[in-house]
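Just the one chain here, the form predicted on its own, laid out as structure tokens.
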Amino acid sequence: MRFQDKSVIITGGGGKIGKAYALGFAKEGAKVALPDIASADPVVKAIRDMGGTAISMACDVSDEKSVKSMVDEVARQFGGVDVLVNNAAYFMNVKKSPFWEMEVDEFDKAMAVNVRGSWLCAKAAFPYMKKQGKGKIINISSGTALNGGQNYIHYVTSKGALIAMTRAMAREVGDYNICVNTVCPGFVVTEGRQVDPAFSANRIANRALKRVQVENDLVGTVLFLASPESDFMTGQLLNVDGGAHFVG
């Protein structure tokens, strides 16, 4: 039980990948908070049904007041903030187009949620981690930041920014024994997601491990970065994509 009674915030906790993280932490004793613009109540119920502790609340990560209120409430109910997983992202509904045709509002939305949102959540959680003398912040990037992705430059750019932001944050919070790292997932086929077979086959062919990537493939890495086992790791990028990219 690596996370017995630890307070863990997973933004975007109502989604399929957020649910996988949440169940992983809950199984190891964590108290899990699942802020999202969508309802995370089904995930909370699943955790409570297995005897765990979980809460959900509405939160727009791009809005500073919403984020601060969320983090303060988690700290009030759980006694602090030990782990922050910046999982919320603008992705499933992004509008794809060549960069020269991209609308400014569309570009700004991706940056507001994916970059500003992660910064705001870390900013709000920092005072609690500083007071405790330790903490873990895990930013979720994307393999698209490593290979570029055609026709959604806003998403690719935002995920690349998270890698740089992780390094800057790590430099600034090391004196407070807070670790900041990035996980870079490959293309994940979540439960129930419909994917073009030819597209999926191409992704698999470009991996060293020739199979579909699912949400549970990410859980172990995130739990490792949140645990004491990674206490001397910070500012790092861990690529979890079955060997589609070799980062070094």
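So that there is no doubt, residue numbering starts at 1 and follows the sequence shown. Remember, it's a predicted structure, so these values are computed and weren't measured experimentally.
Same protein, other form: the form predicted in complex with a small molecule, not shown, and the subject of what follows.
Annotated contacts: 17, 89 and 155 all touch the small molecule in the predicted complex [non-hydrogen atom within 4.5 angstroms].
The single contact residue among 179, 223, 47, 59, judged by any heavy atom lying within 4.5 Å of the small molecule in the predicted complex, is 59. The shortest heavy atom separation between residue 68 and the small molecule in the predicted complex exceeds 4.5 Å.
The closest non-hydrogen atom of residue 204 lies beyond 4.5 Å of the small molecule in the predicted complex. Among heavy atoms of residue 55, none comes within 4.5 Å of the small molecule in the predicted complex.
Although the partner is absent from this view, residue 212 stays clear of the small molecule in the predicted complex, with no non-hydrogen atom inside 4.5 angstroms. Figure note: of the listed segments 99 to 107, 126 to 134, 81 to 89, 170 to 178, the one touching the small molecule in the predicted complex, with heavy atoms no more than 4.5 Å away, is 81 to 89.
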